[in-house]
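Form predicted on its own, single chain, as structure tokens, below.
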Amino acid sequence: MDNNSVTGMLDTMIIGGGQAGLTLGYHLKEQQRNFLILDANQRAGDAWRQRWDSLRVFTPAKYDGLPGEPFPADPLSFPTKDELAGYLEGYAERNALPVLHGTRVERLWREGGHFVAASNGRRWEARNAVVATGVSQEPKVPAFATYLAAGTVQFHSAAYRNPGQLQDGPVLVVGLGNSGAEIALEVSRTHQTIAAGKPGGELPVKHGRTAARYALPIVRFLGLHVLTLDTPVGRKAAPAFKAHAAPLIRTKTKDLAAAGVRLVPRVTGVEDGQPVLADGTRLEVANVIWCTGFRDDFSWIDPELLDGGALPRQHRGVALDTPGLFFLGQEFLYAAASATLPGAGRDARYLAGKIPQLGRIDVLPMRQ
């Protein structure tokens, strides 16, 4: 059966075919559920494949595998983004998960006792709907970016691939989270580089194989089991975790300083076409890379299913006021690690046990 010809009532539709959606699909297939994964990308793994060329994941390979299939690499190594993308694509194929690619859901709403998703004139109906679109949805760029001089090359980190995109002249990297630090270090090899902002702390050990063996297991345990919405310390940490950049993991401020990157206060505006810092300094730069994060974009979900445009009341991804609605892969959905490979996998396993079943039905085969 071709996924393009799916008709009738589904048990569950999963919106988003990244690592979270694929993991949930694996568990639903084990339960012989009738489900379909709708994904906007053309290939599984594209969310990783489309990021900058030199990116490596922060978690070692021993933590990067999905259920039933360890990541095929040295357990203490850190896969490239393309290796991870290829693994996800192969995972979907080898497990014959029913993924319909190139399908960006434009609207999700509730109709009677079921959910309806629409895309490009087509619609799918299901008793349960899982929003697994992840955290990198809508790039955030300040409104004053439009006032930069016309000759300035500027783009968000989502569009950054390598230093070849930059013109001659100084580069300003705005935002000092992990993306900002890694990109600033890379472009400093070819351009005079300035990094604006303040990191949200730093991992107190050097990232690498030794950390993968001794320190990162502790970080993983804290992110999965201590910093959760079921613990007092987790509930206290959640708002700050969402509001501030994550601690620097691989590239630290001392690494940037050693590479000659100039660290400056945050950017607050634009004056005469040039960025202005919080201390009033105006910078003369030729390039600006906005490493300013992403915002949730739930504009395609019926407002009645949300809480003022944000996630509704939920516990571990289960919407408390809308039976049959679930969320997966969001930042601190349940724990500090919820948006990571290990965290999304744990959350998906939990949700698979909470989604009501219509009955045991043959799983839809993957499109040939």
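We number the residues from 1 along the sequence you see. Note that the structure is predicted; figures quoted are calculated from it, not measured.
One more form of this protein should be noted, the form predicted together with a small molecule, which is absent from this view; the next part is about it.
Taken together, 15, 48 and 52 are fully in contact with the small molecule in the predicted complex: each brings a heavy atom within 4.5 Å. For the options 128, 251, 193, 179, the residue carrying a heavy atom within 4.5 angstroms of the small molecule in the predicted complex is 179.
With the partner omitted here, the residue from 104, 266, 161, 140 that has a non-hydrogen atom within 4.5 angstroms of the small molecule in the predicted complex is 104. The small molecule in the predicted complex comes within 4.5 Å of no heavy atom belonging to residue 317. Contact between residue 132 and the small molecule in the predicted complex is found at the 4.5 Å heavy atom cutoff. Contact check for residue 339: a non-hydrogen atom falls within 4.5 Å of the small molecule in the predicted complex. In the predicted complex, no heavy atom of residue 34 sits within 4.5 Å of the small molecule. Stretch-level contact analysis of 339 to 347, 306 to 314, 66 to 74, 24 to 32 against the small molecule in the predicted complex, using heavy atoms and a 4.5 Å limit, identifies 339 to 347.
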